[in-house]
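One protein chain, two forms: both are listed below as structure tokens, the first as structure 1 and the second as structure 2.
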Structure 1
Amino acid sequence: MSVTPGKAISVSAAEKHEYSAEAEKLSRRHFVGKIWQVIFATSTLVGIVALATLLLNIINSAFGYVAIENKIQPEQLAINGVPIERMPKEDLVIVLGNHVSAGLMRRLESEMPWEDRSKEDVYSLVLERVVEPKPVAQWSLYESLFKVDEIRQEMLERYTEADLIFKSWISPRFITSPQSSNAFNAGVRTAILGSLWTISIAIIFAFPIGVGSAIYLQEYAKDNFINRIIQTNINNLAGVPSIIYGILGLALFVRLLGPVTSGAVFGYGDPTVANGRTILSAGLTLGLLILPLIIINAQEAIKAVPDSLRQASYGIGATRWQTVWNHVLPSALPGILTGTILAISRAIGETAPLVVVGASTFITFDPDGPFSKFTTLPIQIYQWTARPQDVFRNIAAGAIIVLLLMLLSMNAIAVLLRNRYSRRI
């Protein structure tokens, strides 16, 4: 089409048809783009609704009215008019001894001498072993807020000897108390300590090995057949079901290396009975589980560092190791920590491999080292939800909230470290 000055532009029919076809294609592309935008927004909304429903269901179970019946009323245990909550520790020990068997008193003293126990500890034992408060009925948060009259009427008809209290199943006492067969006295202190021990061992084991492997594969390894096989296997291991790692941990850390993981080699425990079902075995198993994730994410972070940074370092006479240590690794560290956050998030919620390795479903004493027996929060939640009594589902909801808060806290620490190194760079 030619344009002559001072004359109108003439457009042929073919050109008009071409322009119309292009406009139609453009309109169709915009329409398809809007459809995908709606699909993406809908999927995001569905995810948010599902997450909100999950959280509301947990919160609905973690709070609400509870009907409590005591085996012995606390006022019946008063000595000279002094209630048990105001008694000194010595009197509380006397009350406990008057209402439980001598064998139980000897067992409690063997676990921890009375002179070493605090008043609060003895008071908790009196409540648990003597008063024995037991929930006989519980209501959800929704029912406790909107069906109060119906709850009170049910109390008058069915639970005349019980006290009605509004119970928060997650509380400071719930966090600081050990496991108990009585749901009203049960806590998650032992499970929290077990989770912290296992995750710490997993990170200490997997992080340096994972980052070191990523550095070698990305910076030193040649592109040959063997290294390609190694890389393929690492990618495949990231998708292996977690229970397979549990079987590997059982064979390797519990049975083969049992004398080491049980501490018998170091003089811990009975060397003739080397049981490797300990925190150390669990932590190493979780370390194997997250190792491929850390390697893959660290490789991607190292790969994202521009080659110009490496060439500039080589240009001023730096060796390959000096380049990696002083330039590549600091630049990739934020991405490496991001991958570590994802790995921790997976490991802290694992149950299947720990069950295979030998986690205890009921344990009342705290772990005192890497060679101790253990349980974790996911194991505790699983054990409580599997019980037939409904009240254990309430404390399971409280334990889920504790697990989420612990996960968010650990992730927040990792994010702060990542942001700190990002600012330095």
Structure 2
Amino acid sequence: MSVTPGKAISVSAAEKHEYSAEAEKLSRRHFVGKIWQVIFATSTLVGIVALATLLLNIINSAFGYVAIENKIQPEQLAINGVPIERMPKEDLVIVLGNHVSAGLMRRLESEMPWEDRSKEDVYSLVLERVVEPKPVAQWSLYESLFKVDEIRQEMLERYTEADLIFKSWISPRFITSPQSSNAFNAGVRTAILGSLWTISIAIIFAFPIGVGSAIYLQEYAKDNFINRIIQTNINNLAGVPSIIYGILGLALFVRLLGPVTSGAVFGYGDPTVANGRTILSAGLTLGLLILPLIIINAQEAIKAVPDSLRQASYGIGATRWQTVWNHVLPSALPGILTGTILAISRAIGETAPLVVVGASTFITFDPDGPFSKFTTLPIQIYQWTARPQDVFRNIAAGAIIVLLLMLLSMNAIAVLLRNRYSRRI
């Protein structure tokens, strides 16, 4: 189309038609684009909804009404009209003695003499052994909030003997009580202590080696065949499924190094642990698992330290190690610590390798050292979830909340550390 100055542009009918067809095509293209934008945004929403559902589902199970049947009503235990809540310790011992077998009394006495036990301790023993509250039905938080009438109806029809109480499955008592076969008394104390023990051993083992390895690869290693193999190998190890580490731990720490990990070599052996299925084995297994993560994170942190710092240090005559120790490491420390804490929070949640290494499923006593049997929080959650009775789902939800809070505080510490140290540099 040629345009002559001073003359109006004439557009033929055919051209007009072409333009409108083009415009239509363009608007269709934009329309398709808009639809896809909505699809992309919806997918993103799915992620958020999934997270929200996950959390709500857990909260929904962690609180709610429970119907409880007592074996003996607490009122029947009153002596001279004094209810058990206000009884002195001596009377509580008498109540306990009246209702449980003499053998159990002797066992309790040998665990800890009555004189040394606190009033609260004896009281909870009375509740646990004599009153024996047993949950017969439980409802989710949603049902407890919006379907109260139906719950009361059901109580009247089916659970006439039971009391209805609103129970928060996560409570201070839940955190401080040991494991128990009765869901109502069960707690996560043993599991939390087990988790802390295994994690501590994992850090003591993996942190120095991981950081050392990262320093070697970033500061010392020349770009040769062997070092490239080491690097590739570390990257691949980070992608190995955690259960494989569990199998390695089983073969290496539990079986091969059994005498060491059970403490027999040091003359310290828990008589109940005949093999190497101990905290030490579990900690070392987790240590192997997080080692590649610590190395990779520490390498990133060291890589981010500017070269000018190193050159300045060499320039005033420092040796390589002096440079690393006095300049590179302090600058890289916040990054290294953050990476390590992220690796630890991965280790806290690991379940599969510890099942394979041989976590005990049911222990009621606190772990007392690296050579004792152990259970951890995720193992406890797994065990409770796998039980067929619904009530254990509720305490599993409680334990999940404890675990998530632990992870959250770990991450908060990571952020705080990073902020604190990065301000100094």
Partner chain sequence: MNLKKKRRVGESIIHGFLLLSSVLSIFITVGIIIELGTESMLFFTRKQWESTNKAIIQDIEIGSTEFFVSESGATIKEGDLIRLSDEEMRVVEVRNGLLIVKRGARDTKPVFHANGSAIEKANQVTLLEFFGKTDWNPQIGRFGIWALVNATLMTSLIALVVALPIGLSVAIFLSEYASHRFRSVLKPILEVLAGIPTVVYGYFALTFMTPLLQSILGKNVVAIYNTASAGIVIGILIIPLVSSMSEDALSAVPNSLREAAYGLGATKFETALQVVVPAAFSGIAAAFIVATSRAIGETMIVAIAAGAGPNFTFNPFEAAETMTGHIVRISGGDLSYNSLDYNSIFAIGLLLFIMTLSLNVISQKIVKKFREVYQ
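Source: prediction; values computed, not measured. All residue numbers here refer to structure 1's sequence, counted from 1. We call the rigid core whatever largest set of C-alpha positions still superposes within 1.5 Å between the two forms.
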**Prompt:** Which of these two chains, shown alone, is the form predicted alone?
**Reply:** 1
**Is_shifted residue 389 between structures 1 and 2 (CA, 2 Å cut-off, rigid core)** = no
**Asked** Is it true that residue 312 shifts between structures 1 and 2 by 2 Å or more at the Cα, once the core is aligned?
**Response** no
**Item:** After fitting the core, residue 402 CA displacement of 2 Å or more between structures 1 and 2
**Value:** no
**Asked** With both forms fitted on the core, how large is the C-alpha shift of residue 80 between structures 1 and 2 in Å?
**Response** 3.2
